[in-house]
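To begin, one chain is listed below as C-alpha cells, in the form predicted on its own.
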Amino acid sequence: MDVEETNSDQESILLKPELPVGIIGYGAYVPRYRLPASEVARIWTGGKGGLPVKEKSVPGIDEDVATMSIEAARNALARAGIDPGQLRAVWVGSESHPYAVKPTSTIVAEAIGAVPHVQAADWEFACKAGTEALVAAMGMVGSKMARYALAIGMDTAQGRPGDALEYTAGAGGAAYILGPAEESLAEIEYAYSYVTDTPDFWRRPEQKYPEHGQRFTGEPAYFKHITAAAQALMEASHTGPEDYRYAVFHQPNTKFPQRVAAQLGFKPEQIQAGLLVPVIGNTYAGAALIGLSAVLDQAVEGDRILMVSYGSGAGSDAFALRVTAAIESRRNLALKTADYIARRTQIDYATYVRYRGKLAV
C-alpha cells in the first residue's frame, strides 16, 4: 500500500461534509447560584477530605434545561444575526430533560420564535449529548438540507446526596448555530467520533440519581475514549498538538482534563481558557461546549481549536476548528461566558437541597 492510499484510509474516518460548515453564532448560560464544595464537605464529612472542585453552579428554583437552553440560544442568535425562522433544526442534548415524555426542543423552538417550519428533537448520550447534536447539525447543513441548524448542550446539577458527584455536578451549557463556512466565525474543519460499549455511568428508569463505576469511569472509560478520538482526528488530519492554539476536553473534574491533555502532548496554557470545572463544576452535556464558548470569547482569527467531548456509555466526539475574522465583530453582541460566571450568588447546602428538590416531603 502506498502513502497516498494510507492517507486516504486515514482521512476516510473523518466526518467532513461536502459543503464546508462553521459556527455562525454561539452563546452560553450559567446559573447565578454557587454551592462551595466546602459546604458539601461540611455536611457529609465534617469538612474533611479533598475537594475536587472549588464550587459548582446550581439552577434557581425556576430554572431547568429548557429555560437555560432558551437563554443560551438567544445569545447564539444575537451573535449569528439571523432570524430564528431561518433555523431548520433545533436540537437539545441533555441528561436532565425536564420531561420524561415531552421534548425540550419544542419548548426552546417556540420560545425563540423558530416554529413551525423546523425539525426539533432531544438528544441523549450522557455528557456528549450536546456534541452529538452538533455533529448532526453539521450533517444537515453540510448536505444542504438546511442553511442553519441549532445544537445545544445543557444540563442541571445531578448527584446523590453525599456522593462524589455532588461535589462536581454543576449546571449550564452552550448553544451553537451552524451554517455555511463562509458566514462563520469558526469553521469546523473536521470531526470524528469514537464509540464503544463501556458501561461506566448509568441511570435506570424511575431511578432518581445516576450510578457510576468509581475508578472505572477514568480508565478505561474517559481516558481511553478521549485519547483515541483526539489521536485519530489529529493523525487523519495530519495535525499535532503544536498546530492548535487551544484545546478543550470534557471536564468531569479538575484532574482528568489536565491529565489527558498532558498525555496527548498539550501544554497547560493550551487548555486553561476552556477549563471551567473548578468554578462551575461538571456541566455534563454542556461541559465541552461551554468550554469552547469561553475559548471563542478570546480567540482571534487564525487560531485553531481542538475540542473533544466524552459521554459515558461510552464515546467521544472530536472537532478541529479554525477561527475566522468574523469573530471580532460578533463576539461582543451577547454576554460572554465569563460574564455569567462572574454573576455569582453563594448559597448554603439547605438552599441547594430546596432548589434541587432533594428533600422528599
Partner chain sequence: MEVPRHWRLRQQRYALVGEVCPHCDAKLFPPRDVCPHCGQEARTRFTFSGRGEVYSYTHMSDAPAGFEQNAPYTVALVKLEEGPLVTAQLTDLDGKPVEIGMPVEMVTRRIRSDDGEKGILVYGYKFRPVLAGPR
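Positions refer to the first chain, counted from 1. This is a predicted model, so every value here is computed, not measured.
There is another form of this protein, the form predicted in complex with its partner chain, and it is not shown here; the text below is about that form.
Undergrad: Would you check whether its partner chain, in the predicted bound form, lies within 4.5 angstroms of a non-hydrogen atom from each of 66, 111 and 333?
TA: Answer is yes for this spot.
Undergrad: Look at the stretches 27-35, 288-296, 45-53, 310-318 and give the one with heavy atoms within 4.5 Å of its partner chain in the predicted bound form.
TA: Every other range fails; the passing one is 27-35.
Undergrad: Only one of 245, 74, 147, 224 has a non-hydrogen atom within 4.5 angstroms of its partner chain in the predicted bound form; which is it?
TA: By the 4.5 Å criterion, the partner-contacting residue is 74.
Undergrad: Just one of 165, 120, 82, 107 has a heavy atom within 4.5 Å of its partner chain in the predicted bound form. Which one?
TA: Exactly one listed residue reaches within 4.5 Å, namely 107.
Undergrad: Is there a non-hydrogen atom of residue 209 within 4.5 angstroms of a non-hydrogen atom of its partner chain in the predicted bound form?
TA: Outside the cut-off, so no.
Undergrad: Given that the partner is absent here, does residue 199 sit within 4.5 Å of its partner chain in the predicted bound form, heavy atoms only?
TA: Outside the cut-off, so no.
Undergrad: In the predicted bound form, does residue 339 come within 4.5 Å of its partner chain, counting heavy atoms only?
TA: So residue 339 counts as contacting its partner chain.
Undergrad: Quick one: does residue 220 come within 4.5 Å of its partner chain in the predicted bound form, counting heavy atoms only?
TA: Contact check for residue 220: no, nothing within 4.5 Å of its partner chain in the predicted bound form.
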